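First comes one chain, alone, set out as structure tokens in the form predicted on its own.
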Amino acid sequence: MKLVGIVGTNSSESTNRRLLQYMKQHYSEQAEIEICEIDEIPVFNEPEDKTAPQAVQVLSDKIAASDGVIFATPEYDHSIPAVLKNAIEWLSYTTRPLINKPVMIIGASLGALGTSRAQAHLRQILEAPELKALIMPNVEYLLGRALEAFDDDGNMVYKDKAKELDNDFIEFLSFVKLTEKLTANSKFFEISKQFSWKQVANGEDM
């Protein structure tokens, strides 16, 4: 199984990147996880021709070719980082690769509470008509005190959180397989890719 892990920040010292790196190494026999950065994506400017910049197109192609996506997001001011929202805006406005794509949301933070508000906000965003990702329900992986969570070899030292992530990841693999069966012959994908708020405002059928 091929998965894409998106680092939801442009920070060079992100604990969410370290969390994805841990998953890439720890679950290498179960899935191939390609870690994708969003730091080179330009500021969204709503181009009239809806052409994606190269950095956006590269990310979009990787998402489209994957079986599922893992978003690892920090929490800034009770929400996701602006750089992550910016990347999602580009995907929403141009290529829309997240439609019908299974998604797992995780998050690491320096404090004890994790990234619960950011994850809840990201769920809302990814359910927008232009995105329509298939978000794995009933799972909220929150890694608090993340600076102390990994040893020098990248292994997670919190055994309870490592076990929790094991269980959540197994569930996600099952979720990916289930959604693949449910959406294999669905016309929903192409209909959703044509969604336009202008058509809605004009009372046109989709």
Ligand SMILES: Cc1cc2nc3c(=O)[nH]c(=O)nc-3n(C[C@H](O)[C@H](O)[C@H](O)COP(=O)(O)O)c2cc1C
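Sequential numbering from 1, following the sequence displayed. Predicted model only: the values in this text are computed from it and were never measured.
The same protein has a further form, the form predicted together with the ligand, not shown here; the description that follows concerns it.
Although the partner is absent here, Ser11 lies within 4.5 Å of the ligand in the model of the complex, judged by heavy atoms. In the model of the complex, the ligand lies within 4.5 Å of some heavy atom of Gly114. Within 4.5 Å of some heavy atom of the ligand in the model of the complex lies at least one heavy atom of Pro74. In the model of the complex, the ligand stays beyond 4.5 Å of every heavy atom belonging to Asp39. Here is the short version: of Phe175, Tyr158, Phe44, Tyr27, the single residue with a heavy atom within 4.5 Å of the ligand in the model of the complex is Phe44. Only one listed stretch (44-52, 59-67, 134-142, 164-172) carries heavy atoms within 4.5 Å of the ligand in the model of the complex, and that stretch is 44-52.
For the stretch 75-93, the set of residues having any non-hydrogen atom within 4.5 angstroms of the ligand in the model of the complex comprises Glu75, Tyr76, Asp77, His78, Glu89, Ser92, Tyr93, in sequence order.
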